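Presented as structure tokens, the chain that follows is alone, the form predicted alone.
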Amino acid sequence: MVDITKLRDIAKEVISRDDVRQVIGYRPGTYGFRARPAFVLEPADADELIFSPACINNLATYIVIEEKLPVPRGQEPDSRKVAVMVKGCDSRAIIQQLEEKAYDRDHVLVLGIPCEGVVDMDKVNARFPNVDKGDIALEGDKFVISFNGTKEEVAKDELLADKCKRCRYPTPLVSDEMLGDEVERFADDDFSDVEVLEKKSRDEKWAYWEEKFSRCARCYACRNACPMCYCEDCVLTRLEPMWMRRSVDISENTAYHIARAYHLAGRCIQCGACEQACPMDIPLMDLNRKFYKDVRELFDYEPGTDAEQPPLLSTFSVDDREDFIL
């Protein structure tokens, strides 16, 4: 894992630079085992930074949702860099954002964190319910869970997030400074979970998604947590013209989730932030991974892996397959 002393020292050096205005990292949460985003504005703030298996947030989200406030007359906008700590999957979001020209490369300073896997917080809370304050560390093939003056060891596979079990990019694909040693890929992604759903009949698929989408409260946590949902004006919540109603019913919920999945086709980088944020336990990655699998098979394209390639839906090739077009 990452050397916390090194992480904090580098953060202090970075925030002390004249061309950097903030460092985005992680700090201990206020409840349970969670970590939370930290925004370091002064060197002293870096003493709170951590990195552990509880650091599940994709911090690349904060680069594109930063509010652009009006600049007073006679002043120039703050053009200094934003430094951000990213795991392997998070780094793919930065690459995809760069592909889409969301910002210039010199706008961001990337601090890469090779990741050996993060926990699924739902699994942790189910195993250790009602813990006011605790810590999670990874030692070899076990998570060490500390709370109330006790320590318990749990096999890594039991609490590991599903996305980590198929991760092929645990080491960041883009970085200005690496904060740890390279981590080998965990496994190849065979999309066996997607194939289970693909084999269902049409009626079975509808019954599956009808039950899932009927839970949706339209809180938009999935959209807000997603590093690729950064449109300033989201068509899915536009009031004039209104493309879909705010009603929480199966029809409107289905329209919302399918439209959002199509918007992420060729853009989703498999970080799972949407599913982590969902308070209704909707398996959103089932839908996103189906699109991801199709894009890879149809166009030999994998988002978030090459900042030099154009976004999938902004170009075409004369060699693209056409047999699937009606």
Partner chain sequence: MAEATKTAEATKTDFEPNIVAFLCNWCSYAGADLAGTSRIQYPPNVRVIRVMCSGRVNPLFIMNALQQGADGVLISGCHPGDCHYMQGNYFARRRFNLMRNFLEYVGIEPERVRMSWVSASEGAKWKGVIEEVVEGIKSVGPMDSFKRRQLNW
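Note that the structure is predicted; figures quoted are calculated from it, not measured. Positions refer to the first chain, counted from 1.
From this point on, the text means the form predicted in complex with its partner chain, which you will not see here.
Listed stretches are 84-92, 150-158, 192-200, 168-176; the contact stretch with its partner chain in the predicted bound form is 192-200, by a heavy atom cutoff of 4.5 Å. In the predicted bound form, none of the heavy atoms of S16 sits within 4.5 Å of a heavy atom of its partner chain. Within this chain, A255 lines the site of its partner chain in the predicted bound form, having a heavy atom no more than 4.5 Å away.
Though the partner is left out of this view, F291 does reach within 4.5 Å of its partner chain in the predicted bound form, counting heavy atoms only. Among heavy atoms of M244, some come within 4.5 Å of its partner chain in the predicted bound form. No residues of 98-137 lie near its partner chain in the predicted bound form, the criterion being any heavy atom within 4.5 Å.
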